[in-house]
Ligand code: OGA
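As a starting point, one isolated chain is supplied in C-alpha cells, in the form predicted alone.
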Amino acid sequence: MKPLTPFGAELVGFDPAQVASVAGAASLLKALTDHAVLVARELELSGAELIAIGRALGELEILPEPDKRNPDHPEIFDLTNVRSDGQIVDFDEPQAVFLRGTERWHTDSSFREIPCLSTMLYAVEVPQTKGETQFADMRAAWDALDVEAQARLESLKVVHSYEFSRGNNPGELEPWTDEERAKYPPATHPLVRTHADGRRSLYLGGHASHIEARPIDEGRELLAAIVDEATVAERVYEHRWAAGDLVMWDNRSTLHRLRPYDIANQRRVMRRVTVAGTERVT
C-alpha cells in the first residue's frame, strides 16, 4: 500500500479475487476506513467483477435515475457522456446536465435515511485532458476547526434532499413526479458525524438543502461557507484518471466532485457501484 497526498492510499498489486474471502473483505474495509480513498490501477473488470468487489463490502444500492442504470447490471450506474448509440451527448442534453451537476462537492446518497458506505468508480474511457475527480477529507476539516467553531456546529442538523440537489443541476431536467418525491423524501442528519473509531467529520455537500430550525437562506449560506473552508487545497486529493483505474472512497468521511472537461466532445465512460450503509448518521 502506497500513501497518496494529502490522504488516501494506492493498493499496489490489488487482486480483485482476494476480496471475495471474508478476510479479504475485512482488510479492504479497514483500509477504506483508515485511508478514506483507495486507488487500484491497470485493472480489467467486467460488470460482474465490479459488482463482486462492491458486494464484498455489503449490499449494493439501486440508484435513482433509472435511465442511467446499466442495461445488463442494474446495480451499475453508468456515468457516461456517451449515448447508447455511441454518440457523445450535447452539452444541454439531460445526461450532460446530470453529469455537470456532479461538479459540485457532494457525498453520495446522503439524501437517504441510511446513507451509503462507499462508492466504487471504474474507468473504461477517459478524456484526453481534464475530467479529474477531487476528494476532500472531512475528518481533517473537522480537526482543523477551533474549539469554539466545533461547539457552534456540533448540535446542528441538516436536511438532505435529492430533489433539491437535482433541481440545482446546471440546466433543464424534467420536474419530479409525486411518485418520485414520495420514493425519495428528504432525510435529516447531524452536521457532525461520529465514526466507530471515535473520529468525527463534517457531513454535508450538494444534497444538503438547509439547516433544520434555521431560516433556509441563512442555513444555506452557512453550509456554503463550511464547504468552502473544508475543501481547501491542503485537504484535497485529485485523481487523474487512466483507463483501468478503480477508485473506492468512504462517503462517510469525504466529499468529492468531478472537475470540468469538454463534455460535448471528449468521451468519458465510468461505471459506478454504491455500497449501501447499515447505520444511521450519529
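Values in this document were obtained by computation on a predicted structure and should not be read as measured data. When you see a residue number, it is the position in the sequence shown, counting from 1.
There is also a form predicted together with the ligand; it is not shown, and the following applies to it.
Between the options Leu117, Leu79, Val126, Ile88, the residue in contact with the ligand in the model of the complex by a heavy atom within 4.5 angstroms is Leu79.
When the ligand is considered in the model of the complex, only one residue from His106, Arg139, Arg166, Arg193 comes within 4.5 Å through any heavy atom, namely His106. The partner is not drawn, yet in the model of the complex one stretch among 35-43, 52-60, 250-258, 209-217 has residues with heavy atoms inside 4.5 Å of the ligand: 250-258. With a 4.5 Å cutoff on heavy atoms, Thr102 counts as touching the ligand in the model of the complex. Among residues of the shown chain, Thr133 is one whose heavy atoms approach the ligand to within 4.5 Å in the model of the complex. Taking the partner from the other structure, the ligand in the model of the complex has a heavy atom within 4.5 Å of a heavy atom of Leu121. Using a 4.5 Å cut-off on any heavy atom, none of the residues of 42-61 reaches the ligand in the model of the complex.
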